[in-house]
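Okay, here we've got a single chain as structure tokens, the form predicted on its own, with questions on binding and movement later.
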């Protein structure tokens, strides 16, 4: 199955898990689990914005950095830019924070609400060059669903 086919196959599951759910942490937990299981990524999870830093949220994988300063590492850079950051080789990314030496490539997608970053989706791979425009397209769609307020 191609990467695009995998995303298309899990989108209905993700939509069903988020339908009617009011708690963003619950949404994040299930999305991290679905993505991690479907793709076998090294680390799949979320960091929530608290003031001028990111704080660890729901994730799947090995232990992680608990707090990441604004503008630092790939996650902090995505927060600062308010845009998706794809890094084919994290060892060549200036200021990379090595929460795990096994991570070799990374994608970080901001979760926006009212034009403000409220969290980021962070995915790491042990392979180089894992992430591309296909990942960006689908992960941005998923991230938009997470930020939707359910009343």
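Residue numbers count along the first chain shown, from 1. On a predicted model such as this, the values are computed, not experimentally measured, just so you know.
There is also a form predicted together with a small molecule; it is not shown, and the following applies to it.
**Student:** Any chance 14, 31 and 138 all have a heavy atom within 4.5 Å of the small molecule in the predicted complex?
**Tutor:** The answer is no: none of the three residues contacts the partner (heavy atom, 4.5 Å cut-off).
**Student:** May I ask you to check whether residue 86 falls inside a 4.5 Å heavy atom distance of the small molecule in the predicted complex?
**Tutor:** Residue 86 lies outside the contact set for the small molecule.
**Student:** Does residue 96 reach the small molecule in the predicted complex, with heavy atoms at most 4.5 Å apart?
**Tutor:** Heavy-atom contact with the small molecule at 4.5 Å: present for residue 96.
**Student:** My question is simply whether residue 111 lines the interface with the small molecule in the predicted complex - judged by any non-hydrogen atom within 4.5 Å.
**Tutor:** Output for residue 111 is no: heavy atoms all beyond 4.5 Å of the small molecule.
**Student:** With the partner left out here, check for me: in the predicted complex, does some heavy atom of residue 35 sit within 4.5 Å of the small molecule?
**Tutor:** Residue-level check for residue 35: no, no contact with the small molecule.
**Student:** Between the options 102, 64, 26, 49, which residue brings a heavy atom to within 4.5 Å of the small molecule in the predicted complex?
**Tutor:** Selected residue: 64.
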